[in-house]
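Starting off, we have a lone chain in the form predicted on its own, written out as structure tokens.
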Amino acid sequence: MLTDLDLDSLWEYRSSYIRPDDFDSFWDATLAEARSLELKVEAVPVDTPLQTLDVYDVTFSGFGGDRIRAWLRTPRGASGLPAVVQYHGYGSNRGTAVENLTWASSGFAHLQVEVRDQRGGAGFMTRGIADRDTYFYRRVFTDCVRAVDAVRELGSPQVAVIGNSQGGGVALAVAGLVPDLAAVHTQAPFLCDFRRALNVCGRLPYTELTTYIAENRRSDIFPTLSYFDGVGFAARAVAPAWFSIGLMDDIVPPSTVFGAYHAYAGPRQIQVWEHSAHEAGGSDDLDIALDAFRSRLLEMP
């Protein structure tokens, strides 16, 4: 069943989100502070049974100099390749060294980033939410921008970003904070159009926020959230972008994705899966991303 507006209404929908006047300066200052610290990229080869790929255990300095981890996978013996930086869903992690081999097997350097503190568990939506400076996602988005810096330092000047759910929201944020990305693919992006999401979504993780509001008798979290809303980042993003959403998604309301899509400043496409839920197009979306990134990064003269 539909969980939100019908498709015709989604094409007409526009988010009511208002970007703070100091949104740009807040993020410029946040990233400048992070980049004032040495990145300290380390890439340690990992012994695996894989015959065609090299795998590296990567660490680099993110927000506040905290060490962030990622897997780097490349075709065996290759260097200087275009890179795909991938971000995972809420409460997940980077997986094992021999998982998620598609991108490296397709000729890319693939950096699978692990979001800080998220090897299981919950409660991240409200962590530090009393102030924009202490909010959890200020750290996450900064870490994930620094992941782009790290893969470039490792020899990949051309970079695309991709993610699903939370990872899709992170990819959208990074697209708004790194102006020279080659491409973006965001599947069912979470962390967009917060006011709308909290009004229509009754599933975790968004209900972490509605529960916080109810239990604390306070709704003053929206000024903080306004600095972390994907609609705001979309308005800054210029890289070609591919969006995807399932109209039966009850975790990420489709209207919130369309809110970000309509605000997106660069070239954009959206794939709508009318009878899919949070998985959106699943492997079909991966095919779309592979074709798009191949044409943008591997086949460019």
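Numbers follow the displayed sequence, beginning with 1. Everything numeric here is computed off the predicted structure, so don't read it as measured data.
A second form of this protein, the form predicted together with another copy of the chain, is not displayed here; the remarks below concern that form.
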Fill in: another copy of the chain in the predicted bound form: contacting segment from 166 to 174, 143 to 151, 94 to 102, 227 to 235, heavy atom within 4.5 Å
94 to 102
Item to complete: Classify Cys201 as contacting or not contacting another copy of the chain in the predicted bound form by the rule of any non-hydrogen atom within 4.5 angstroms, answering yes or no.
Response: yes
Discussion item. My question is simply whether Asp287 lines the interface with another copy of the chain in the predicted bound form - judged by any non-hydrogen atom within 4.5 Å.
Written reply: yes
Worksheet item: Would Ile213 sit within 4.5 Å of another copy of the chain in the predicted bound form, counting heavy atoms only?
Response: yes
Practice prompt. Please check if Phe222 has a heavy atom lying within 4.5 Å of any heavy atom of another copy of the chain in the predicted bound form.
Written response: yes
Practice prompt. Identify, from the list Pro157, Gly77, Gly120, Pro179, the residue with a heavy atom within 4.5 Å of another copy of the chain in the predicted bound form.
Written response: Gly120
Worksheet item: Does another copy of the chain come within 4.5 Å of a heavy atom in each of Ser106, Arg127 and Glu279 in the predicted bound form?
Response: yes
Worksheet item: Going by another copy of the chain in the predicted bound form, which residues of 1 to 31 come within 4.5 Å of it through any heavy atom?
Response: Met1, Leu2
